[in-house]
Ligand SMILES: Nc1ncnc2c1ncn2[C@@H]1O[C@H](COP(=O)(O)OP(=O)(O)OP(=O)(O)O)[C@@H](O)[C@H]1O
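A single chain comes next, written as structure tokens; it is the form predicted alone.
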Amino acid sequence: MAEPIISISHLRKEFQGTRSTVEAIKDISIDVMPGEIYGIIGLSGAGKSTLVRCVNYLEKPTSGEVIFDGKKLSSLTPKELRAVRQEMGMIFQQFQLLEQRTALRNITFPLEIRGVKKNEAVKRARELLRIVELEDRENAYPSQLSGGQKQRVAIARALATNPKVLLCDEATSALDPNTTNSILGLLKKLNRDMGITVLVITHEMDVISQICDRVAIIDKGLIAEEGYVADIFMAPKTKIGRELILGDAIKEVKFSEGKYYRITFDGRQSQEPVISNIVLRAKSPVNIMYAQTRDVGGIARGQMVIQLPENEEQQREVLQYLRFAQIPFDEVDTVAGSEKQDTEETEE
């Protein structure tokens, strides 16, 4: 079995404030395997950006270990650490391009620092511009590029030193949805064609579901849950997991009196008419209050919140069908704004 390319063990990071100490990361342990796209997702302030800066030791952890490609970073000299960082390309939310340099010269910059000859650096930069599909923009300055084009230049720059890992810190947060999709497609292509490992930091579940193999959900400096994306998306085990998957839209739903249930599409065929079957079984319509579902290779993945009919017998019919069809469900507590496990669901 392959060894992790990044192994994080019991990592902690504290920041000393004027009046108190802030513990940004409390105790995090994860392994990232070579060639995978690994996602770390959390709400603002959860500690995810601090974590990625600890991975390449831009922030030195308070305690714990980071091992990169077999090297324990805490034991490296400054020179050795700089060499390791060249094997970790970094992509930022705000691109961080040099405004006085063209796209070509932004990409050659890290090569110049390494002492690479000018003609070799230019050749490499042009090769990377072709890979990110910007070969016709090599003489454009950042101010002449769109947001997506800037991020493509930033990705090309991150690839200049032939890194083993790309660290993406909210790399698509400043982009519109269409541009985000194109950048995610590029990252997936680089992972597939070049075998480069990608570590994605984001607060958007859509980013995770589109390109990641595995995901860790971080909450208040701790890992709330971790696993394969399909498994987490299908059945999140924690409140923060459900919140990230359902998103904020459920908070905007105007709930009236009645019974509401969240059903999880857990890998059944996408063409299966689940809601139609519920209606036929209960002989009464159900209201769809919120839905976030998608077809992933012919398999239905996602969540849906439905309002049950007022009649108690019809409610029982709906729940009995969900159990019969083995569709996971739990009751939405509309008063507390949280979800509670339906007691009948777990009865043997």
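Keep in mind the model is a prediction, meaning the values are calculated, not measured. All residue numbers are counted from 1 along the displayed sequence.
Only in words, not in the display: the form predicted in complex with the ligand, which the text now covers.
Taking the partner from elsewhere, no residue among E36, N178 and I211 has a non-hydrogen atom within 4.5 angstroms of the ligand in the predicted complex. At the 4.5 Å threshold, heavy atoms of E170 reach the ligand in the predicted complex. Of the heavy atoms in L43, some are within 4.5 Å of the ligand in the predicted complex. In the predicted complex, I327 stays away from the ligand, with no heavy atom inside 4.5 Å. In the predicted complex, no heavy atom of P61 sits within 4.5 Å of the ligand. Proximity to the ligand in the predicted complex, taken as a non-hydrogen atom within 4.5 angstroms, holds for one residue of Q307, Q314, N56, T50, which is T50.
Heavy atoms within 4.5 Å of the ligand in the predicted complex are found in exactly one of 314-322, 22-30, 66-74, 279-287, that being 22-30.
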